[in-house]
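For reference, the chain that follows is the form predicted on its own, supplied as structure tokens.
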Amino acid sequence: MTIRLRLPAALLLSGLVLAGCSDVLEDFPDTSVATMRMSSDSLDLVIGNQVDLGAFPLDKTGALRPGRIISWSSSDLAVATVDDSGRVAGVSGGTVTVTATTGGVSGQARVRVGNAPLIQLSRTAVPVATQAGQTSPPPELVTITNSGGLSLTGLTLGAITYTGGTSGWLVASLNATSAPATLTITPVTAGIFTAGNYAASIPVSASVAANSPDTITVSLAVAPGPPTARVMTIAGGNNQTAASGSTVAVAPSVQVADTFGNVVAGLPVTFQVLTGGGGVTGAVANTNAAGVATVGSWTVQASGAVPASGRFPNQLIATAAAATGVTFDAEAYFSYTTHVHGMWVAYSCTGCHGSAGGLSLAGTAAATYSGELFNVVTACAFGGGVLEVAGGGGASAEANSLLMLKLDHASSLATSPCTLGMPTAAPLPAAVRDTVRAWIRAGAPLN
């Protein structure tokens, strides 16, 4: 092994180093700053606002070299100023380069200063008309542009609010989060069987915009439908459960008869997802000789806030001319093998929880479920029946599952030997944890 020493010059000159020594004398690694990394290479700043820039001195290995004195400068103080801490203040419209320097090494950030962006809607009132119980009208489009300065980014849609006595008849989506963008408004009105006037408001937001949120109002006029000369009833496929993203076992079907009980053959029946976010195939099916029409398939989805039961409601509506529509209900859940087990590798949880006992996540889906995770007693001294994953479903199963406590970084971990959350640095994204939460609330199904 080669010993690398750094000796004072006076010691070297004194002749105390033996000429026959085979040790190699060499300086310590260079700790000078090689590059300066900025917290942001470019950013927008509204006139009159301030933003903090960060500068990070790095050596040639890429390691941070803290404790260095950093000087800051702006290429045009009439556009933006910067203080000794890196706080940039917008003064007037224009673009400047902000420079951070230490030890002769600099980093730069481009700062564009201007007026705040403004949300501009191509229309704020969207009228929609239909007949009660009939096929939904086509989607409506609204264009979103920027009528102000800088860039309009971070566009989002808020919760739709309804007036007029009925809700859930509108779906809104954006094709982009930066302007220009297109908002698609899709009426889902086939389930409305009462004539009348209804309204919905869609908030369009962007934190950078001076006029956020802006609002679009959709007015719905429902005229009376054709006379009900037919009777539609559910023939099969109602009240089913299925794993999220899969089809229900029995394809929903309806039977149509006239008011005298005679079946109606050859009548087109339309099946349309009402709630839940799933989809159908074979959405339009003709009634057969027995008056029965069957959808090709119905895929259910687990979306939205986690229900107390862990099972997410889905609805499908069937409609036909001169007949009152009927609604099918189903529930979607997250399964272990399909939705949960793959997360352990995806988020590197198996690095701390392999298959060597305790909270083990590295086995195959079936083995981990039955032998290492599900209803396995935890070694942590919680008391009160805490398991790796508790069975039975509902809120009590969630509260008694060590896996969920660790994912949520629960405060109760501090009183047990298992003090660390999973992962240790910070909780996983809320959507990931909610998938596991819903799975446990639903009774921890395997399929």
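Being a predicted model, the structure only gives us computed values, none of them experimental. Counting begins at 1, following the sequence as shown.
Heads up, the form predicted in complex with a small molecule isn't pictured, but that's what we're talking about next.
Asker: Among 274, 279 and 330, does every residue place a heavy atom within 4.5 Å of the small molecule in the predicted complex?
Answerer: Negative, none of the three is within 4.5 Å.
Asker: Can you tell me which of 404 to 412, 390 to 398, 41 to 49, 54 to 62 lies within 4.5 Å of the small molecule in the predicted complex, counting heavy atoms only?
Answerer: In short, 404 to 412.
Asker: From the list 171, 290, 352, 362, which entry has a heavy atom within 4.5 Å of the small molecule in the predicted complex?
Answerer: Only one option qualifies, and that one is 352.
Asker: Using the partner position in the predicted complex, report whether residue 36 sits within 4.5 Å of the small molecule, counting heavy atoms only.
Answerer: Residue 36: no, not in contact with the small molecule in the predicted complex.
Asker: Is there a heavy atom of residue 31 lying 4.5 Å or less from a heavy atom of the small molecule in the predicted complex?
Answerer: Output for residue 31 is no: heavy atoms all beyond 4.5 Å of the small molecule.
Asker: I'd like to know if residue 348 sits close to the small molecule in the predicted complex, meaning any non-hydrogen atom pair within 4.5 angstroms.
Answerer: The answer is yes: residue 348 has a heavy atom within 4.5 Å of the small molecule.
Asker: Within 4.5 Å, heavy atoms only: does residue 374 come near the small molecule in the predicted complex?
Answerer: Because no heavy atom of residue 374 falls inside 4.5 Å of the small molecule in the predicted complex, the answer is no.
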